[in-house]
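Take a look at this single chain in C-alpha cells; it is the form predicted on its own.
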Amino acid sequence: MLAAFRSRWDSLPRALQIVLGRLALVIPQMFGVLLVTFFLIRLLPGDPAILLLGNMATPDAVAQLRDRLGLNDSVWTQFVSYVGNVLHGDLGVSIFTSNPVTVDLMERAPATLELIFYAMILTVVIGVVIAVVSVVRAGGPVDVASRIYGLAAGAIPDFWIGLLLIYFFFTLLGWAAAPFGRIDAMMSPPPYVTGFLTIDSLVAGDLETFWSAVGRLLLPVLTIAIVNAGALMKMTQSIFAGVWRSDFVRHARACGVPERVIIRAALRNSLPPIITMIGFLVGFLLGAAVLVETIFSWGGLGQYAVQAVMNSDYPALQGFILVASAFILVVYLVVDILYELVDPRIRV
C-alpha cells in the first residue's frame, strides 16, 4: 500500500507535490502560531478593561467588563474558546474599534498589500538591475555608486527617508501629492473589486481616481524601495558575480554567444537565492512598513497592529498575527514553486 502511494505521489507534477507537501504543514504551523501568540499577547502590560473604561472606572465596572470580554476565565479556557471561534471563521471583536476583527482586517489589508506589491516591484527592478550592471561593467560609475548605496541603504531608517521625500517633493517642490491617505479626500473610492485602488479605478474607467491613487503611492513606494533594494542588490551582486566568473560563461563568450544572452543565462542561474531574498522581504514588509504607513497616514495593517498593541486589544492583535502568518506561509509556498520553475534540479 505504501509502495502504491509512493508510486502515485512520484507520478504527480513536481509543482503539485510542493503545494500538497506545504499544505500538509500549514495546519500544525498555524496551530503553533495560535498557541504561541495567544499566550505571549497575554503578557502585554495593561488591562483592556481599564483602557476602555478609563482610570476613573470603579472596580465593579471593570470586573463586569472583564467578565463580558471573557478575561476572567482561565487562560486555557480562553484559548480553547478562541480556537473554536477561529475554526468557525470568527476572529473576535476588536476591543478598541468595536468592529469584528475580520471586518477591520478586510478593510485595511488591501491598503498594505497594494503598497507592498508596488514597492516590491520597484525594489526588485532597482536591486537586480543595479547589481547586474555593476558586475557586468565592473569598475564603472554604476559599480562605484552601488558600493556607496549598499553601505548607506542598510544604515538609513525608512521613516527618515520618508520624511526627506515629503520635505523635498511635497513641501519644497510641490511635485508630490499630500501624504494623507490613499486618494484625495474629496474623491470617492471606486467600486470594490480587488481592493487595490489603482486597479479598481481602471476597471471602473475612473482615470482621475487612478492618477490620484498613483500620486499617493509614489512617495511611500519609493521610500520602501530605497531602503530595501540595497540588501537585495548586495545579495544579487554576490551571487551573480560568482556565476559571471564561472566556466560556462567564459565558454559561452569564447563561442561568440551574444552578451545579452549570456547575461540572461547567468541571471537565470542566480535566481534561486534571489527568489529567497524577495520572499523574505515580502513577508518582512507586512509588518515593517508600519512606520511608512504612519508617516503617510496610509491606514493599513501596520497601523492597525500598532494600535492593537497600544490598547492591549487582544482579538485585534491575534487576528493580525494570524492573517500575517497565513500570508507569509503563502509567500513561502510561492517561493518553493518558483524554485521548481527556475531550476528543476532543486528538491524542496
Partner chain sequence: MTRVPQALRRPAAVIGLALLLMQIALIVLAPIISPYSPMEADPAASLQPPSMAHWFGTDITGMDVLSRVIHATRINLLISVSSVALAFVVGVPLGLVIGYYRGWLSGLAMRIFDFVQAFPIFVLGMALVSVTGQEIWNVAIVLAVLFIPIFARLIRAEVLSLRERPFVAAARCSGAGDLDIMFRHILPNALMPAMVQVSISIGMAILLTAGLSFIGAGVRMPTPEWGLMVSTGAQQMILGVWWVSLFPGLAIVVAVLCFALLGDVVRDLLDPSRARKTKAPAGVALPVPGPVPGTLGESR
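Residue numbers count along the first chain shown, from 1. Nothing here was measured: the structure is a model prediction, and the numbers come from that model. By rigid core we mean the largest C-alpha set that fits within 1.5 Å across both forms.
Not on display, but discussed next: the form predicted in complex with the partner chain.
Just one stretch in 196-204, 160-168, 75-83, 215-223 has heavy atoms within 4.5 Å of the partner chain in the predicted bound form, so which one is it? It is 160-168 that comes within 4.5 Å of the partner.
With the partner left out of view, is G283 within 4.5 angstroms of the partner chain in the predicted bound form by any non-hydrogen atom? Yes.
Might V243 be said to contact the partner chain in the predicted bound form, defining contact as any heavy atom within 4.5 Å? Result yes; V243 sits at the interface with the partner chain in the predicted bound form.
Hey, in the predicted bound form, does A155 get a heavy atom within 4.5 angstroms of the partner chain? It does: once the partner chain is placed as it appears in the predicted bound form, A155 has a heavy atom within 4.5 Å of it.
Quick one: does W298 come within 4.5 Å of the partner chain in the predicted bound form, counting heavy atoms only? Result no; W298 lies far from the partner chain in the predicted bound form.
Which residues within 193-220 place at least one heavy atom within 4.5 Å of the partner chain in the predicted bound form? Contacts from 193-220: none.
Quick check on S297: with the core superposed, does its CA move 2 angstroms or more between this form and the one not shown? Not so; S297 is displaced by less than 2 Å.
Quick check: W211 between this form and the one not shown - does its CA shift reach 2 Å or more after fitting the rigid core? Result for W211: no, shift under 2 Å.
Given a superposition on the rigid core, I'd like a yes or no on whether F31 shifts its C-alpha by 2 Å or more between this form and the one not shown. Yes, because once the rigid core is superposed, the C-alpha of F31 moves 2 Å or more between this form and the one not shown.
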